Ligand code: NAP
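This document starts with one chain, in the form predicted alone, laid out as structure tokens.
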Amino acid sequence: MTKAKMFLGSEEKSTQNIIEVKNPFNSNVVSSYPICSEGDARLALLKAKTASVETKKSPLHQRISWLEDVANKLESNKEKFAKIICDEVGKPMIFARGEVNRCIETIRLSAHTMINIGGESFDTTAMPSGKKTLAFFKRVPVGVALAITPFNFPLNLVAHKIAPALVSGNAVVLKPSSAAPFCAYALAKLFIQSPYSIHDALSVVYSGEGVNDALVASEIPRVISFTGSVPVGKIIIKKVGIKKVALELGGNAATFIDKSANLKEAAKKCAVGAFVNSGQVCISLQRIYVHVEVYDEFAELLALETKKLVVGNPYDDKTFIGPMIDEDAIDKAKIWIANAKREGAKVLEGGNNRGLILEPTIMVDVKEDMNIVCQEVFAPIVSLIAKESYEEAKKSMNDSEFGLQYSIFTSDLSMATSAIDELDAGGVVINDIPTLRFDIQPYGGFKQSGIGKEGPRFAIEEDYTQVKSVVICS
């Protein structure tokens, strides 16, 4: 068992009261974390506030070297970190390794991005009321950032918050998922023990009575970046006061398969998009709208592709689908499948579970008001729905409280360009799954899917820096 500790600033601390974390595949105890207190949270914030004075003054070359050093150490310990991810959340090793690689890229991208982010000058004689001056704006750090991260990408989503925040000159308090504490601790330790680190610039605290309120309601953080559920996001919004907030709250990703699409290629990609990471992805493909003329053919192709997916032991390099995160997740998925079946839906493929492993499940004959269609499932369940046209599919896709990412498969250029303009989501993908995400791009949704953007450049500009206007008169 690996033991995560708190970091109150750069100082490691533990307590006698710990919570053990079990691997969701075999129930082995794999890690533990100390139960934190309201006092721990407040101390972490105070240390971050003091450290933010130094982070703001630190030279950019130091912060860039800091991130590069962490990325290089991750590069040297890829397999170790991949196993930590697999141990704590049951992510199959092939995808755990992929997450480590993406984390390295996110950290390096953050370092490279900061070099090119600055201000600009402008001419104050542009209007008759103006006069000749030297005028410009510059970007400055906000001070202290609070980062709250989920279990499903326990390494890369931590990096997406702390790397842009630190490289832009802020101090950070991180509260990671209780399902993956050691993953966050191990990454934070690389930052804190780097020879380029700034003392007390990064703290790590875990769950405990009063911790959330102490962190969120405090006046010290000037930005809160949270990835998680809509209900928790709404609680945060009510408590934060006047500060920046970035919320990534999930989605209900959908695609449309046009009759002009390459159906075999679309089926292969949709099987991946619907079932990767056991559907525990904010942009997991949940709704597939198919042109009625090709519906039966596509359904058969998707079922064939789904049968090819290896389900089982996440430590086996051939495994595509491992366990879900916990009993609550599997119970919710099973209840939603059962309810849909009672209301007339049918299981085309899958539907059964062994422990926390749910078979990749394709549902047909669904109704659009069923939970498996209109709510975020966060499980390996996808629904097929026949539509007479793109226009009809578009209406159903947009008729959702979520709007994170959508996609369309088509050979019709006019339809593709229309989809880009008309689909009401933060991201639109043409001829691939809505689950496609590159860490360099802006990422974030419309409506209940949240506010703000991830992606190093966009997080730095929107969340972790603020604009200061300067005028110099002669």
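Given the structure is predicted, the values throughout are model-derived calculations rather than measurements. One-based numbering along the sequence shown.
The same protein has a further form, the form predicted in complex with the ligand, not shown here; the description that follows concerns it.
Q: Taking the ligand in the model of the complex as the reference, which of Ser229, Thr133, Asn353, Gln375 has a non-hydrogen atom within 4.5 Å?
A: For this set of options, the contacting one is Ser229.
Q: Pick from Ile236, Ala82, Ile357, Ile192: which has a non-hydrogen atom within 4.5 Å of the ligand in the model of the complex?
A: Of the listed residues, the single hit is Ile236.
Q: Check, residue by residue, if Ala4, Pro24 and Asn77 all come within 4.5 Å of the ligand in the model of the complex, counting heavy atoms only.
A: No, none of Ala4, Pro24 and Asn77 comes within 4.5 Å of the ligand in the model of the complex.
Q: May I ask you to state whether Lys175 is within 4.5 Å of the ligand in the model of the complex, using heavy atom distances?
A: Result yes; Lys175 sits at the interface with the ligand in the model of the complex.
Q: Given that the ligand is not shown alongside this chain, does Phe320 nevertheless sit within 4.5 Å of it in the model of the complex, heavy atom to heavy atom?
A: No, no contact at 4.5 Å.
Q: Hey, in the model of the complex, does Tyr443 get a heavy atom within 4.5 angstroms of the ligand?
A: Answer yes; at least one heavy atom of Tyr443 falls within 4.5 Å of the ligand in the model of the complex.
Q: Would Leu157 show up as a contact with the ligand in the model of the complex if we use heavy atoms at 4.5 Å?
A: Judged by the heavy-atom cut-off of 4.5 Å, Leu157 is in contact with the ligand in the model of the complex.
Q: Given a 4.5 Å cut-off on heavy atoms, tell me which of 119-127, 367-375, 145-153, 294-302 is the interface stretch with the ligand in the model of the complex.
A: Result of the contact check: 145-153.
Q: Given a 4.5 Å distance limit between heavy atoms, list every residue of 235-271 close to the ligand in the model of the complex, or none if there are none.
A: In sequence order, Ile235, Ile236, Glu248, Leu249, Gly250, Gly251 come within 4.5 Å of the partner.
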